[in-house]
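Before any questions on how it binds or moves, here is one chain, the form predicted alone, in structure tokens.
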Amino acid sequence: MEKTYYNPEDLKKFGNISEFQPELAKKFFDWYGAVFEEGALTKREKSLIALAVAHAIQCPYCIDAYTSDSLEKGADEEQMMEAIHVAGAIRGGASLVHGVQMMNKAKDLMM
């Protein structure tokens, strides 16, 4: 196995976060579970959103988890990649829209 900063085996230890703060961990896991229940969005749609967010925040644990979860919930490779492209477009747009701040500052300094 190639050595990386992120150990894929650590994903299985996620529940262990309760060791140092059981009350808060319980609240988090209760909320987390409720968030992913069927609601206005299907579980599949929520999994695709989670996959896209995982890429935007660059969490390898989340990418692994929600790749598997999306496939288990019936998403296909095309849908998963499209969700990732949406995340990329939003992330890129967020960087570019902050260019307005630079433009405003530059205009103020050049006046």
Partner chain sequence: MTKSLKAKGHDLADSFIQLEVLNKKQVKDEAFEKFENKLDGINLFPLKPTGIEIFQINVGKMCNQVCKHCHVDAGPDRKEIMTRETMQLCLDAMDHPVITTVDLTGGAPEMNPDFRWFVEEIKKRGKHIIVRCNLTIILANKKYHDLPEFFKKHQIEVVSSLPYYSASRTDNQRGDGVFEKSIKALQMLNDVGYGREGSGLTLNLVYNPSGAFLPGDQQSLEADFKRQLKRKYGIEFNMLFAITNMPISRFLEYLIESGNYESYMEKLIEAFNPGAAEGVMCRNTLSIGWDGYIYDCDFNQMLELKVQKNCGQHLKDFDAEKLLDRNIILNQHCYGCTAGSGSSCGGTTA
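Residue numbers count along the first chain shown, from 1. Quantities reported herein were computed from a predicted structural model and do not represent experimental measurements.
The same protein also has a form predicted in complex with the partner chain, omitted here; what follows describes it.
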Handout entry: 4.5 angstroms heavy atom contact with the partner chain in the model of the complex for residue 98
Key = no
Exercise for the section: Determine whether any heavy atom of residue 74 comes within 4.5 Å of a heavy atom of the partner chain in the model of the complex, and answer yes or no. Expected result: yes
Handout entry: in the model of the complex, residue 85 touching the partner chain (heavy atom, 4.5 Å)
Key = no
Problem - in the model of the complex: members of 5-44 within 4.5 Å of the partner chain, any heavy atom - result: 12, 44
